[in-house]
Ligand code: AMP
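Only one chain is included here, represented as structure tokens and corresponding to the form predicted alone.
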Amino acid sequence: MSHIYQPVMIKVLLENGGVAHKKTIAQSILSYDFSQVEYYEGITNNMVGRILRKNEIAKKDKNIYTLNDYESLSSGEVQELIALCDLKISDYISKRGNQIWEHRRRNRKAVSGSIRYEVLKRADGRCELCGISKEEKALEVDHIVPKNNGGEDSIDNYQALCYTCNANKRDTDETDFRDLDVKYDERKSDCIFCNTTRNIVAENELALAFFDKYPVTPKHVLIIPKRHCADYFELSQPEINAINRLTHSLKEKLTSEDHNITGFNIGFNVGEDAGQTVFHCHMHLIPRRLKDVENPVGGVRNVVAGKGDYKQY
């Protein structure tokens, strides 16, 4: 058993003579899902309840709502008001149909189990926004760039969020995504990396890799976003994900091809004063080998002369 789903479904089948409609099973599973209750508690407090309080129809004391002047209503008036509410609900559903809930389902396509596994593994089983563990809150696979705003069904556009962070994020970001495809297609005619003719050793939707023309060590690789951007701080989260994914796959590829590789230096140069000479963001993946330098202590600290070999505590 990997979830409560299985015993809940078996229970429903047993309670219904061995046969049940999928909607009945789904409703039973939903009854155990406190995350959905929590979502609608937020709707109650921040939308519905706020309006009813403002119009003095109901009041709230901590977590308890009370209908104003309920005591003055006769049983007949209560039933009449309930019938009026039912009529309003029915009229609204007839008028709007499924559009009422479209914000909860628009463009939704189930993420496959294998992709979900990869996203959660990449996040180490924690929400990538608040950091809470999957053991404390259920994690969901979220589109970084919302589907409603042109986001792709791509592993580089997925992140792991707990149900609270995902509900709070929703798809209300004000960024204009209408030119999203144009953004990722951006190239500069005078950029040597935008127009590289070197053999590409690895590639995915948003990034590619090739061997450095002036390698620090053999098999020194550069990993770049396909889009032209100056440095690391201009990368979007999907591009960072894409570069990270290439980094992991290249690490496996290089170490399998050369068993003398025992380590790596990984880094970005950002700005001329930090040594950047090509102003198209690029990450260095530099394989290291036993005794390739006399004293490797300090690693990337050696970019500033004399700062690498420091006293260790």
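Just so you know, these numbers come straight off a predicted model, no measurement behind them. Start at 1 with the first residue shown and count on from there.
What comes next is about the form predicted together with the named molecule, which is not displayed.
The named molecule in the predicted complex comes within 4.5 Å of a heavy atom belonging to F210.
At the 4.5 Å threshold, heavy atoms of L73 stay clear of the named molecule in the predicted complex, well away from it. Proximity of H220 to the named molecule in the predicted complex falls within the 4.5 Å heavy atom cutoff. Contact check for Y163: no non-hydrogen atom falls within 4.5 Å of the named molecule in the predicted complex.
Comment: the named molecule is not present in this chain, but in the predicted complex one of I266, A26, V278, M47 has a heavy atom within 4.5 Å of it, namely V278. Taking I192, I89, V78, C130 one by one, only a single residue has any non-hydrogen atom within 4.5 Å of the named molecule in the predicted complex, and it is I192. Screening 48 to 56, 242 to 250, 268 to 276, 26 to 34 for residues having heavy atoms within 4.5 Å of the named molecule in the predicted complex returns a single hit, 268 to 276.
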